[in-house]
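One chain comes next, on its own, written out as C-alpha cells in the form predicted on its own.
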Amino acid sequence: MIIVGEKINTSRRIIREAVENRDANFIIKVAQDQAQAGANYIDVNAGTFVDKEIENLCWLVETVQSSLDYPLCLDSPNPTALAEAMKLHKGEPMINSISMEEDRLGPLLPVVTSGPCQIIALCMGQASMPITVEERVDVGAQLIQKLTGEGVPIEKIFVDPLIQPISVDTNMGIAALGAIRKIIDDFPGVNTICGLSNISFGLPERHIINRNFLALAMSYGLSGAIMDPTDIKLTSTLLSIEMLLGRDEYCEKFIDAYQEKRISG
C-alpha cells in the first residue's frame, strides 16, 4: 500500500504561513514526521499562491529534500510549476495529477512524459464530474490508454476514481469502490489511489468514516492513498487490513509498527 503524506499543503493555514515566512525548520519537521509514520511519498502543494506557486513549490521541493532523502508527490495543475519542480527534484517523483480535461491534458502530457515519474491520473473528463461507476471507468480507461500510448509503463500509473463526499450523495462511496475494482480488473498492472478524506467532507466524526472507507477501498483493490500517516488510528487500520488481506508476509509490517508504537487500538 502506497501512502502519500498529505500535510504539506498551503490550503492549511499553518503551512501557508510557514511558506510565506520561509520557515524551513517547520516544513522539514512536518515532512519528517510523515516519513517516520510510514509515508512513501511526501505531497507538496503550493496551489493557494496563484502568482507565486512556481517559486513556492520549488522552495518546498528544495526545503524538504535538503534534509530528507525521500521522493515527493508534486501536486499542481500548473504545467510550468511541475516542470520547474521536476528539475529540482532528486530521484523519481510522483505527479498529481493529469486528467482528461482539455486545458489540463494537453499542457501536462509533455511534462509527465518528460522523465521517469509516477503519475496520478484523475478520472475527470471534460464534460462534468463523474457520478457513476461507468463514467469513472470510461475516463480512467482513456487516461490509461493515452499515457501508455506515450510510453508510460502501466505500473507507473495511479488512477484516482475521484472520491466525492457522501454528504452530497450517499452513492458516491459505492460508485468509487466499484470503479476501483473495475479499473484494476480491466487493466492488470495499473494502480489505484484516492484522496481519502474527501469521502467524509461535511460530516461529523470524519476520522471514523475515513478509516472505514479505507478498509473497504483496500478490499476492492486500492493500492494507494493520499492521507495523514500521523493519524495513528488511520495507519493502524491500514496496516491491519493489509495484513488481513494477505499483503503482509509473516505480519512483519504490523509487528514492526506495533514495536515502534506507530499503531494503536
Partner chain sequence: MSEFQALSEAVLKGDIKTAVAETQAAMDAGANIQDILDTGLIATMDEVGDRFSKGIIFVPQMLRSAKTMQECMKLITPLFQKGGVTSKGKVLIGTVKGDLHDIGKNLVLMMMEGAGFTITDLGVDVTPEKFAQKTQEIEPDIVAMSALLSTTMPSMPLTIEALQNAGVRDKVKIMIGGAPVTDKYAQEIKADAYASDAGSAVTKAKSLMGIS
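Positions refer to the first chain, counted from 1. Small disclaimer: the values here were computed from a predicted structure and weren't measured.
The same protein also has a form predicted together with the partner chain, omitted here; what follows describes it.
**Q** Ok, 94, 194, 177, 124: which has a heavy atom sitting within 4.5 Å of the partner chain in the predicted bound form?
**A** Contact check passes for 124.
**Q** Counting non-hydrogen atoms within 4.5 angstroms of the partner chain in the predicted bound form, say which of 114, 167, 145, 171 makes the cut.
**A** By the 4.5 Å heavy-atom cutoff, the listed residue in contact is 167.
**Q** So if I measure heavy atom distances to the partner chain in the predicted bound form, which of the stretches 24 to 32, 42 to 50, 235 to 243, 218 to 226 falls within 4.5 Å?
**A** Of the options given, it is 42 to 50.
**Q** Indicate whether residue 208 is a 4.5 Å heavy atom neighbour of the partner chain in the predicted bound form.
**A** Output for residue 208 is no: heavy atoms all beyond 4.5 Å of the partner chain.
**Q** Is residue 154 near the partner chain? Define near as a heavy atom within 4.5 Å, in the predicted bound form.
**A** Answer no; every heavy atom of residue 154 is more than 4.5 Å from the partner chain in the predicted bound form.
**Q** Hey, in the predicted bound form, does residue 107 get a heavy atom within 4.5 angstroms of the partner chain?
**A** Contact with the partner chain, no.
**Q** Within 4.5 Å, heavy atoms only: does residue 77 come near the partner chain in the predicted bound form?
**A** Flag for residue 77 set to yes.
**Q** Going by the partner chain in the predicted bound form, which residues of 200 to 229 come within 4.5 Å of it through any heavy atom?
**A** If the 4.5 Å heavy-atom criterion is applied to the partner chain in the predicted bound form, 200 to 229 yields 201, 202, 203, 204.
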